[in-house]
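This document opens with one chain alone, in C-alpha cells, the form predicted alone.
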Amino acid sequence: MKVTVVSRSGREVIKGGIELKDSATVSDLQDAIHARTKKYYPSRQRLTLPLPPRTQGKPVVLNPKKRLTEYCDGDANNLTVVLKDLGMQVSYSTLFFWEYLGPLIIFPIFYYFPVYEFLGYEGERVIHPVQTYAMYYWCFHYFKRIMETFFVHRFSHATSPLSNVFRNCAYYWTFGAYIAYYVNHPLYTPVGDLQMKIGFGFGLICQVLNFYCHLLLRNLRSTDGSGGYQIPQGFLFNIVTCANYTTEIYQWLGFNIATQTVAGYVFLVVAALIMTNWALAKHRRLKKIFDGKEGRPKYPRRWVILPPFF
C-alpha cells in the first residue's frame, strides 16, 4: 500500500509517498518516515487522519500498534496521513529526574553552607531541630520521587517535549530555593515541639501512603506502559479518584504545619491547584470512558481529590 504523508498545511512531507506492506502497522510507518527524514524520529511524530473539508473537531490519532489498513476508508491501497512535528523529545524519566534533582540539592545548600553570609547576614546562625528535620524530610521526599521515577512509575507516553524540562525545572527549582531560604534562615522562628512532631509525623505517614498509591497505579499498566485506562481500585482509590494527589497534598500540609512559613504555604496552594486541575480532568475522562453502556463498567461515585470538598 502507498501512504502519503502531508503536513497540516497540506504540503507533502515525503516526496512520492511511502510504499509499505499491506500488513504494516502505524509503528512501521513511523520507522519508515524516520528512515526518509532523520529529523522526525518516531517519538517526535504525531500522525492523524486528515479532517474532511469544512469539518471541525479533533482528528483521529493513529495508534502505533494498529495496522494501517484499519484506517483506510474504501481504498485499502492508499492512505493519507497528517504529520505533526512534536519537537525535540526526552523520556519522562529524564524529565522527572532533572525536575526533582534541583530541590534535592538546593535545600541542603541553604542548610549546610554559609549562604546567608553571602547575602549580607552577619549574625551567628543557630540551627533549630525543626530545620534539621525539615531538611531530612525534604530530601527524603525528593529522593523517593526520583527512585519512584526509575523503579515504580510506568508511563503511558514514552516521551515529553524538551521544553517541559525547562518549564518544570523552573517551577520546582524556584520553589525549592524559595522555601529553603525561609526555612533555613537565621531569623527563622520555630514552632512548638508538639506542633513540629504532629506535622512531620502526619507528613511522613502521607508520604508512605503516597508511595503505596503509586504502587497500585503501577499495577494498572504493563511493563511497556500499555493497558489503556482502567478504574483505579483498592485502598483510598475506593473513595477518591486521585488518591495519589490527595496524599501528595496532605504530605506538604504536614511539612507546613511543622515548619510554618508563608513560602511553604504558597507552594502548597499552587501545587494543590495544579493537582486539582489534573484530578478533575482525569475524573471526567474516566467517567466518560466507563459510562456503563455497551458492556462497559460504570465508574463508581467517588470524591475527585479532597474529600469532602472535591
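So that there is no doubt, residue numbering starts at 1 and follows the sequence shown. For clarity, every value in this text was computed on a predicted model and none was experimentally measured.
The discussion below concerns the form predicted in complex with a small molecule, not included here.
- Interface residue remark: L20 is not counted as part of the site for the small molecule in the model of the complex, having no heavy atom within 4.5 Å.
- In the model of the complex, none of the heavy atoms of Y250 sits within 4.5 Å of a heavy atom of the small molecule.
- The closest heavy atom approach of K282 to the small molecule in the model of the complex falls within 4.5 Å.
- Heavy atoms of P232 reach within 4.5 Å of the small molecule in the model of the complex, making it an interface residue.
- The chain is drawn here without the small molecule; in the model of the complex, the stretch among 75 to 83, 169 to 177, 120 to 128, 188 to 196 whose residues come within 4.5 Å of it by any heavy atom is 169 to 177.
- In terms of contact with the small molecule in the model of the complex, the residue from A271, I257, L49, A263 that brings a heavy atom within 4.5 Å is A271.
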